[in-house]
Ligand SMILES: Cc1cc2nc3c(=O)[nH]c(=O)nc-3n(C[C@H](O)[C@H](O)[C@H](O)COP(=O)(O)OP(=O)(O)OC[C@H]3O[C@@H](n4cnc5c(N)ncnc54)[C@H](O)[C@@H]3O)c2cc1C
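We begin with a single chain expressed as structure tokens, specifically the form predicted on its own.
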């Protein structure tokens, strides 16, 4: 038998699923699973039967078959396979816990290995601590600068030690509720120590040998440190150690202006630091369309953050507590001095200590674990998920990959990872949110592209906020007018982008957006105004008129 996954249009309910199943059973198909919500049917056919036969049967049942793909086969571990555990997970972050929970649901005996603190990056040193401090920075900024009445106060110096204490209390609470307490609730085993593979069946954890039928590697990533002369001799900070400071530095230099560098740079600017952001490339967020980069650059510059782009790093020195970064920009040599230096130059996968060669698991040029569409590594017994693969580095992506990996590894589900529509948010002010294709990507994929670019000055919510630096950009297919991507620089962009993600995922058109009511004086109204901008000048419209 060969297994297939087929797109099917026209299914609207569970009854439709039954009709599809009956039609496929009639031609001898087996293992039939139809899902009207996903618009897909999965089934197995005899090897000598073409998938066109199944398409014909579905068409005769008055549904519309679409593209079909052969599904890679994957068997759940057999009861007689050797291994103390059905599934061993290395790591304890979002991917690991999601995978463990799914594996337990599948009836697997699961062990989780963790060499450090349970919970991984997000809750301990990433999303949770950084965002709670970002909120503190926002409140401090509002206390110092009130744009509505022109109030400028000389607020007292921020008590960073107290903020860090509150941050640590929140982290501990969430770590226990969302991670540690779940271990007993779901009944898997936690083993503390560092894991390394002995062979594809066995790992060693601090001298203890453990075997399993299947493995998941979910060890995450750590801050990358670039090669710059003198850096090793300097007391620099990473995104982890910066969040442990007890005093706000007077001057902070940030090497690297990706989402981590920009978020943390703006955080400390709002807490009172003089901040300089530096990067090698000529513009911020170069992977996004120029309008997004330009809007963010304008916003940060207006706020007083110093941006240095196109920098070539010569060396770094430290004199007393002062760090000096020697750079060259446009042929001109410069020295940037500061009290603290943050290195935010990307992330490095945590794979060095795993001895992956012994298990036949191959890595990429940056040490990332290579996986296929089913989360399998180059060893079909071993899966990987999360930041260790250097895919989209979001905790919700990691959790999704972990769940799929468990279903495939111990449940034989053969589910394919679908990361075509992944929304991303950078929590600056204004925030940057994006989903789907950029204009450049859409053209590279062969689309005849039309775009809509709407300045935040045309969005009523931004006008009443008196914060009009930002932009909405929508990318659509000129032929079908279906939305291909959406990109926003605005307050609450991260909340708004979910609606855009739904529109892109389900193929909504410009007209669908135009015909949908949007609540007035919300930032989400900007999506509809941007859709109207494809064909109209919204500045000539009355309020709420489309």
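Residue numbers count along the first chain shown, from 1. Quick caveat: nothing in here was measured; it's all calculated off a predicted structure. Rigid core: the largest C-alpha set superposing within 1.5 Å between the two forms.
One more form of this protein exists, namely the form predicted in complex with this ligand; it is left out here, but the text below deals with it.
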item: Non-hydrogen atom within 4.5 angstroms of this ligand in the predicted bound form for each of 94, 120 and 353; value: yes
item: 114, 102, 86, 439 - the one with a heavy atom within 4.5 Å of this ligand in the predicted bound form; value: 114
item: Of 259, 313, 201, 447, the one that lies within 4.5 Å of this ligand in the predicted bound form (heavy atoms); value: 259
item: Partner proximity in the predicted bound form: residue 178 to this ligand, non-hydrogen atom cutoff 4.5 Å; value: no
item: Residue contact check: residue 131 to this ligand in the predicted bound form, 4.5 Å heavy atom; value: yes
item: This ligand contact at residue 342 in the predicted bound form, heavy atom, 4.5 Å; value: no
item: Distance check, residue 405 to this ligand in the predicted bound form, heavy atom within 4.5 Å; value: no
item: Segment that reaches this ligand in the predicted bound form - one of 298 to 306, 317 to 325, 189 to 197, 431 to 439, heavy atoms within 4.5 Å; value: 189 to 197
item: In the predicted bound form: members of 185 to 222 within 4.5 Å of this ligand, any heavy atom; value: 193, 194, 195, 218, 219, 220, 221
item: Rigid core superposed: residue 535 CA moves 2 Å or more between this form and the one not shown; value: no
item: CA-CA separation of residue 18 and residue 502, closer or farther in the predicted bound form than in the form shown [shift of 3 angstroms or more]; value: farther
